[in-house]
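What follows is a single chain, given as structure tokens, in the form predicted on its own.
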């Protein structure tokens, strides 16, 4: 992990707000997944929506990752980086027909999650090999904004539509993969296993399937008392199910947050302090335009005072500079804060910069990569 002193030095050299990524940790997390799933054929597709920085994509490509894309922009970036079309899976949500045409023209494997897509494919590409994204109507605990397999989710084809689909595509579209994604931040391997069971049980209906895509949902720790997914137990379950299948199948995964979240920090500067009626506010030069997760998902991110790491603990609301409610942390005990102090917001490598904006016409943060003791500015030009 990057040391606190290194982070402080980076903030002084490059300024704030700034994202800092630990490239070595990203590699370590990828290799950890490979180790857990080494006992059966598998492919790991990085969900690049978590962090699409080209330099991070290059790190993962070098280590053997493939790509999970959800837009034509992501497909194009992956191709520009050097990923081959067969390395990319395209799993869009309610795409325009032009997006479908683009993916097919690039020979990208498509996972369809809506019936209207199948109707379009039957009319225009009736002999295409595709995948189907399935919605198992399975609810998990936790934040429902990141649960994607329950019966009220927009994602995936309901199981009740499968007979209709089989009739539509008979003798035409060839289904070579089945896809499912339970959600993000799934708390138990049993929840993932239930969703996987749905796909395994569907295999008799789809004799041409070559692989099952189980998505991800591998939880990362945001707080010290958080649980982690038991990947050993999950891998053992998958292997046991594969042993019962009378055909050779590969298992695909699509981790995003697991690979990059813990590798990222958002460094911000304290502009000023304010004592309210009941709360003490520390106002920083950032906000939800740089890290939307606390406001959108009620997500917890640990925050430490790099400038005064061992000071007396005091309670603050850490707030941003937007003309909106943009609280990054409520009632948080942090070492005593003074104006100009540098705070580090941890676990910010996923869905941080990738969901950032220029709201209130603020600039986006810079991005810095630390890899093999080398510090590199990898800031992206405005899109």
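Quick caveat: nothing in here was measured; it's all calculated off a predicted structure. Residue numbers count along the first chain shown, from 1.
Just so you know, the form predicted in complex with a small molecule exists too; it's not on screen, but the next bit is about it.
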message: Within 4.5 Å, heavy atoms only: does residue 254 come near the small molecule in the predicted complex?
response: yes
- request: Indicate whether residue 289 is a 4.5 Å heavy atom neighbour of the small molecule in the predicted complex.
  value: no
field: Distance check, residue 135 to the small molecule in the predicted complex, heavy atom within 4.5 Å
entry: no
message: So, residue 49 and the small molecule: in the predicted complex, are they within 4.5 Å at any heavy atom pair?
response: yes
Interface segment, criterion being heavy atoms within 4.5 Å of the small molecule in the predicted complex, picked from 298-306, 254-262, 194-202, 95-103: 254-262
